[in-house]
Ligand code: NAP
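The chain that follows stands alone, in the form predicted on its own, written as structure tokens.
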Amino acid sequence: MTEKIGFIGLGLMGSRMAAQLIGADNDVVLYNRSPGKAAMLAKAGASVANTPLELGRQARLVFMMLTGPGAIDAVIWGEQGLIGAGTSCQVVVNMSTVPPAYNRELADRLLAKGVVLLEAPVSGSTDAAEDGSMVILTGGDAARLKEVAPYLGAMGKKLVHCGEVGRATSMKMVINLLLGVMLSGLGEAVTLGEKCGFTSAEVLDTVLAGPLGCGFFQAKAEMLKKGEYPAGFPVKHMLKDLKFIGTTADGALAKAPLAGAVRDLYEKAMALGLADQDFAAVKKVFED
């Protein structure tokens, strides 16, 4: 009989990732703070728990995709939390983007309860989550990661093992710093072109025709041309990650002046009311 696995957190990314697990004929039990999202996936064959503890009593292996440390702490340690009386949970795979130091501390706290933490943050937007083409960065015990690899493989096209717990989230900080810097630069450049009398389409078609025509810029080009930013990765989440990047850089004694500058831009984007728009909407900061 197929093992029942748990999945907690059904936001923009988590709902699509859980759907991939369900679609791969896994026996999945779901929990989400807002039950409506879980109910939709239940129609595809999943079962739904009313609390994290109820889920933990059904699943030895649990995946989490939550917004950050506060949400994770509430799910694990809060009232009716995952690691409560009678839980069956033995392995937690944290796919959330969090500071590396947080995952290392969480691993120690869980181990004291007899539970192993693995980390598996993802690289890719909602489109990649929906079609299972994400890159998944993994950290933790190699034998345990081999055990969960088939489930991760249902959600992503490539698994990259980064080492012990903390290293995968460190790599995620590296990737998201570059994303923030690149897209801010593109937004500023396109706006400069517009101020010089070109249309955004003329600027982007010229830029993308040459060596700067990378897949990332290609994916954001239509948003910038239309000035419409449906969220694949919202501004509020990029700002959250930039704050994590800052603390990670401080802990690593790394100079990261661009991280600070880009964080300021996304704080301005938040002030413009762009929190739930795609992070490409940072272009509006240069327009304003």
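Residue numbers run from 1 along the displayed sequence. Treat the numbers as computed from the prediction; the structure is a model and nothing was measured.
The form predicted together with the named molecule exists for this protein as well; it is not shown, and the discussion that follows is about that form.
- Residues of just one listed stretch (153 to 161, 188 to 196, 74 to 82, 202 to 210) have heavy atoms within 4.5 Å of the named molecule in the model of the complex: 74 to 82.
- Of the listed positions (140, 99, 124, 180), a single one reaches within 4.5 angstroms of the named molecule by any non-hydrogen atom in the model of the complex, namely 124.
- Proximity to the named molecule in the model of the complex, taken as a non-hydrogen atom within 4.5 angstroms, holds for one residue of 10, 19, 280, 274, which is 10.
- With a 4.5 Å cutoff on heavy atoms, residue 243 does not count as touching the named molecule in the model of the complex; it lies far away.
- Proximity of residue 224 to the named molecule in the model of the complex falls outside the 4.5 Å heavy atom cutoff.
- In the model of the complex, residue 66 approaches the named molecule with a heavy atom inside 4.5 Å.
- Taking non-hydrogen atoms only, residue 34 approaches the named molecule to within 4.5 angstroms in the model of the complex.
- Residues 232, 233, 234, 237, 240, 241 are the members of 231 to 266 with a non-hydrogen atom no more than 4.5 angstroms from the named molecule in the model of the complex.
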